[in-house]
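Look below for two forms of one protein chain, each set out as structure tokens: first structure 1, then structure 2.
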Structure 1
């Protein structure tokens, strides 16, 4: 026995389509906003470089100081230290960073990397008691 589509089925289908259209529109806006992440690279408290994370950014940079060097790798919206001259190599083991507020530091070489999301509207970095 064949079932016919009634007016309630048509209303349900229309509601699902409308909800999907809204989701596509608003998720598209979030994708545009998410491309405003910037990696600030400091050496001895001086800003030496900054990278805006986009799909096509792929780079390998060597930052040299009086105490040594760090080789940074930037790819797929992430940044990490590939190699360093410091004795303990803790900066290499800190891994890849890509989210707002994440940091990598190399104290022996005086290197500091911080990710900042320009769309993040929160003003609080941390709370201390």
Structure 2
């Protein structure tokens, strides 16, 4: 077994960095300003709520499952998780989302929030399904 970092390791690391930086650049989303945003909230694969997402929607929801709870806030065209029962609070750190395609996930509680722009092409795929 080789004990020191060698040129192949550095090559592997460089290749991974280049590929992933490219992926990040090309997967960047366009900022779409529209009022047809819809926020879908899924809990354990069930669509529990959906909001047509405008500046003046204001709400606070608690979503409970067998494993715990998440408290959502919706205000000023943004949606975020205010409090959760999970120990790592990753869903809270994901912050406020407001743009098309942005999402919040909470793995322990099976919560998944996603914002979809209804003017987007993705809706056509949805209908085709």
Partner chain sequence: MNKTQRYIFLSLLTAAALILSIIEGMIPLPYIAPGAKLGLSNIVILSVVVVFGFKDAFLVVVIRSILLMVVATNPITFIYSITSGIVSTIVMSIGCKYLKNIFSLIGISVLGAMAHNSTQITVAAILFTTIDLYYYLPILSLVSIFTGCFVGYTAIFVTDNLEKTLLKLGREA
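Residue numbers count along the first chain shown, from 1. This structure is a prediction, so every number in the text was calculated from the model and none was measured. Definition used throughout: the rigid core is the maximal C-alpha set that superposes within 1.5 Å between two forms.
Trainee: Between the two chains shown, which is the form predicted alone?
Mentor: If we ask which form is the one predicted alone, the answer is structure 1.
Trainee: At a 2 Å cut-off on C-alpha positions, does residue 107 qualify as shifted between structures 1 and 2 after fitting the rigid core?
Mentor: Shift at residue 107: below 2 Å after core fit.
Trainee: How much does the C-alpha of residue 14 shift between structures 1 and 2, in angstrom, given a rigid core superposition?
Mentor: For residue 14, the alpha-carbon shift amounts to 57.5 Å.
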